[in-house]
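So this first bit is one chain, no partners, the form predicted on its own, shown in structure tokens.
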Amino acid sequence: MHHRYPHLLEPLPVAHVTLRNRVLMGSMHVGLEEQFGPLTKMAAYFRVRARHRVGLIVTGGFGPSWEGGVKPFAGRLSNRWEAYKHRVVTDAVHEEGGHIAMQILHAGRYSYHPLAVAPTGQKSPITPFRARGLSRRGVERTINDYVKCAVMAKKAGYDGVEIMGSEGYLINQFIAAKTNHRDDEWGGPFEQRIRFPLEIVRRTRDAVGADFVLVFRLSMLDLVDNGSTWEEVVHLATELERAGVSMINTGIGWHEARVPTIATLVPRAAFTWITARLRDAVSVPLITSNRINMPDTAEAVLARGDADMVSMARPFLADPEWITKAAEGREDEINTCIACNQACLDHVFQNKRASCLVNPFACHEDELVLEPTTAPKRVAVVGAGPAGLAASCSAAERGHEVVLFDASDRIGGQFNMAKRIPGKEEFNETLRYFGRRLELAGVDVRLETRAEVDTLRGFDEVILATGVHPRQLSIPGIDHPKVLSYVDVLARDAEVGQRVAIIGAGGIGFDVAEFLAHSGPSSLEDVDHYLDTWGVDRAYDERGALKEPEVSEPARQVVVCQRSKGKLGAKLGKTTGWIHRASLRKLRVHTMSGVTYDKIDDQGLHVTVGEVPEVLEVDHVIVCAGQVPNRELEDSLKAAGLSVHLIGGADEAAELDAKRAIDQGTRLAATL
């Protein structure tokens, strides 16, 4: 089937190895790097990806020193004992015929600990600690730390290393005038600011020899004020090639940038144009990255010559068999990364082990396993939302006879509302994946069927994945014709006027505000629209490739209210909440906190903020004030003597948590 993706599946010679295809599993910290003793969990995680033909795996970042770690006790590689810990990882990948490089990452001022160092003393906007400026001796010592780390990586069996020079980490901090205020030979003019990365590459190449892959991750778009110019990016790339790099990977945006680069609303392959722009300047293979998640996208990027290789990180959390499925023409079976960040980056920034919303097996490969059952049962699952889908598929794949009931005419539950939000169209992919998985697993799917006690008699196990009901509020006038629920708006296409008040500022309230205020095309459908909206200068006329964002006229006037005081959306995703807040600001959505709801009448929504009464003269009031579990069947089923399990929203109604729902459904099925 290779003719379907001739560029994607073509081997690529690099240094002393030939990679199996043009797909690199990009670096991402997942929380397995800090395991005490041999890194067995990381070995299990990478083994399954290597087994399914990833061309080159790059690990999460390991610090070359204590002070360079991203957090206290972060994974590092600086001595023989630590190299020994890594050997189980490289052996696992090589046993599966794969290749693996270790990323060397010195966090610099992004380090989340008090020993942080930087080119000059300063605090980053995303960490609480002020970094200490490196002395001349400190700069030399740090360069030697990088070299020693690469040497230890070679001893540990890695095929190469990736030197992290982008995303605003230490090397990037030396390169950019924004963060390098030194007046010695390591600062000042651009030629002196880039001495640091060039010395690291030259000395590393001398130390490891020619038979070792050196990848350099180069920041091609800083997306911050006073970042690099395009001419500086090109100059550094050519100097890196002369210094001995084997490949150059594309880095997009600093962590403090005001432009979202990997979230759901970012179009697929939105940044490959910048990699393509560098191709005429260097002869080493170039790797492009960011929001490439399906084979047709990756093939198109390579076919039009944007790069020699594509980098994907989170898509391999979502589906370790991605390449195998593409090569065998089973694209409809790929569990697509929806770029939600909820179980990967959000977990990492909360100091928890990463996983994946759509694939709870990720990073739990040696713990969560669907073993074939030795005692098949008849299992009824009521509700075809995320929890019910996960439970049905997993139970059937173990060998149970599964019947899935849902009163709707389609699978998906609350996902059918989520997929309508501009920028969340990727949720369609998850429903496509589960639909195909149900078919392959042989689940008996009965839609437009309301399960009752009599329907469920005769089943050995009943799993209630019946979801939630919107919480009812006791506000005078709550039954006024102006009042709608989020279900009315997103599932029933209720007519909504031009002036809207939303009660509730959680994830649903933000989604409804986006849905109602959005105008123009979805950013996922139009790369140029996305770049213009967020202020990315495709012409690269300014440092950092930033320009003034373009603002569209909102479709409606929307105000979002919450009872509690403080920042709206405080409980949104740790790494994406700022994006949602920024998006609503662009749509001129007004927000109010500390609101008391007095009544609803023909005038609109009467509120008190502080001690000041106010009338929001709106056409409609939309209630997004939480949910309650739908457990209507539970008591009667138990009274009938049936074995009943609650999962998903039916178990706990908390902000429509699909991550918990899919994980819970999978884990329950693994124990039946």
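We number the residues from 1 along the sequence you see. Being a predicted model, the structure only gives us computed values, none of them experimental.
Below: the form predicted in complex with a small molecule, not depicted.
Judged against the small molecule in the model of the complex with a 4.5 angstroms heavy atom cut-off, the residues 182, 218 and 233 are out of contact without exception.
Residue 467 is the only one of 467, 160, 119, 253 with a heavy atom lying within 4.5 Å of the small molecule in the model of the complex. Screening 342, 557, 103, 246 for any heavy atom within 4.5 Å of the small molecule in the model of the complex leaves a single hit, 342. Stretch-level contact check against the small molecule in the model of the complex with heavy atoms at 4.5 Å: of 541-549, 400-408, 165-173, 80-88, the positive one is 400-408. Contact between residue 415 and the small molecule in the model of the complex is found at the 4.5 Å heavy atom cutoff. Of the heavy atoms in residue 424, some are within 4.5 Å of the small molecule in the model of the complex.
Under a 4.5 angstroms non-hydrogen atom cutoff, the small molecule in the model of the complex has residue 486 among its neighbouring residues. Although the partner is absent here, residue 42 lies well away from the small molecule in the model of the complex, with no heavy atom inside 4.5 Å.
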